[in-house]
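A single chain comes next, written as structure tokens; it is the form predicted on its own.
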């Protein structure tokens, strides 16, 4: 027996912590020479799906069932988008937003890992539907959260009502922490990228480290503080810009 059944992973009514020792890999339609780790999905109560896709060289990922955001964690890839002659080259920190029914093919040049967020799109009659965009997280401006220079936010998507979700990276200097326990109507998907710390979820406190995934339901009490000698960083999703009804 391994570890006698011990794990940091846990599944509560308003939050989910998944650690790499409990990840299960599965094939998916549109995925070749690769496997998916489905971290959270509607079956768990979420209104979106978040995955890590692992690709061998030559592996591909094609169009999904809805709008998609991809963020490169590791490796070199290319992204081909219907109607564009240019082949986009991607490396760690590269990301792309791909609208619904926007045909695309992601191809791994080297062994690669990518974070993938799929969410059914909720259009607004007053706003045009968002269009394809691509960028590099490292090139984005970093804004201090609530004026705290030790907690920096980089927004992957524009501040526009056209988008029905937001996705950011948040970087904490060693010892930095959120200034309050947050409780709100939005749900989160969070992938720890670097470092670690302590996360409060509901009435529980969890040590977290790079590679962990967290889902937070609406109104789940949440707070994070970085611990250690290096910065802590995570990628975080939230539904946004829409009425709750």
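Every value quoted in this text rests on a predicted model; they were computed, and no experiment measured them. Numbering follows the first chain given and starts at 1.
Here the subject shifts to the form predicted in complex with a small molecule, a form of this protein not shown in this document.
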item: Partner-proximal stretch of 38-46, 25-33, 180-188, 54-62 relative to the small molecule in the model of the complex, 4.5 angstroms, heavy atom; value: 180-188
item: 4.5 Å heavy atom contact, residue 70 and the small molecule in the model of the complex; value: no
item: Any non-hydrogen atom of residue 216 within 4.5 angstroms of the small molecule in the model of the complex; value: yes
item: Any non-hydrogen atom of residue 97 within 4.5 angstroms of the small molecule in the model of the complex; value: no
item: Proximity of residue 165 to the small molecule in the model of the complex, heavy atoms at 4.5 Å; value: no
